[in-house]
Ligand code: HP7
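Taking the form predicted on its own, here's one chain by itself in structure tokens.
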Amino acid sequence: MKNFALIGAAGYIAPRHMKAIKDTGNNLLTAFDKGDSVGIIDSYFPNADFFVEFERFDRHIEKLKYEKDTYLDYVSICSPNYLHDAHIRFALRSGADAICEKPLVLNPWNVDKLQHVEEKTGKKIYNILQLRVHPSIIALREKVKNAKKDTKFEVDLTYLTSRGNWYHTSWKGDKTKSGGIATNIGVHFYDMLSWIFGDVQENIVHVHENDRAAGYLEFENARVKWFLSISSKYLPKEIKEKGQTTFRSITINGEELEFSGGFTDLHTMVYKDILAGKGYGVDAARTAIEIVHDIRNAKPVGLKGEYHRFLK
């Protein structure tokens, strides 16, 4: 049984990490969050110690080490995006490996710095890249690998996930903290695309606003038109009529990729790989971080060239 700590226990994604820790037969010793709406811990680890002050959380980990000879093996990080870098460093300095949500960091140069910390501490950093373990995504990757070398697939990516006014007031609405909409809701898709279709050859941004972004990405084996939004006004009519607030669609050469199911256990699958020494490390996260960094800093060109149909 491995010992875990968790940072960001009140966050939306934290319960998936708690479930993964429990499902893999391990123990959550302690957790931290500035907010105290963390009753979900009772469903998984009611005996875990919880702190709302980071200093006391840090001291508690030290006391476990020196007074009870109890050491952390992993720190799971579910904090806001801009804090990932600091919390990863804390984990490694504490003598634990880090398991961090996406994006690992906001800027490409931070990746290099974290690799240096890995070398100095001898500890590892793992990123949650859960789409890479989804059966439909794995099957698509195999299909692309078996296609002719110079094949370019035509890909249309649309992801609409409605968010209320709270979003713009929270850290997620602050580009300096979240990285902006493409980073916040799109980084896992960009990781998936680069993992399947190879190196990026072109990255054009057509529109980039607070509630939507769209552009064109060309990979070794794909031409991708993408559109992301947190506004319900872009939802297709049939989706609104069903009372749904989310729409996700990926087509490859006009054929819909079906991967709507199987999401609830992906974190557990990633944890199993990490515990078996097969998890995705810092280098695996690099390409997606470069993509979202370039999108964030690009000057939108408007409705020119290969733009997404939702912009019409």
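Computed from a prediction, not measured in an experiment: that's the story for all the values here. Just count from 1 along the sequence shown to find any residue number.
The form predicted together with this ligand is left out here; the points below concern that form.
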Sort through H208, K102, K225, R132 and report the residue having a heavy atom within 4.5 Å of this ligand in the predicted bound form. K102
If we test each of N184, S194, T158, N221 for a heavy atom within 4.5 Å of this ligand in the predicted bound form, the one that passes is N184
With the partner left out of view, is H293 within 4.5 angstroms of this ligand in the predicted bound form by any non-hydrogen atom? no
R163 within 4.5 Å of this ligand in the predicted bound form, heavy atoms: yes
Can you check whether K123 is within 4.5 Å of this ligand in the predicted bound form, heavy atom basis? no
4.5 angstroms heavy atom contact with this ligand in the predicted bound form for Y71: no
Can you say which of 114-122, 197-205, 165-173, 147-155 gets within 4.5 Å of this ligand in the predicted bound form, counting heavy atoms only? 165-173
Just to make sure I understand: among 5-36, which residues lie within 4.5 Å of this ligand in the predicted bound form, judging by heavy atoms? Y12, R16
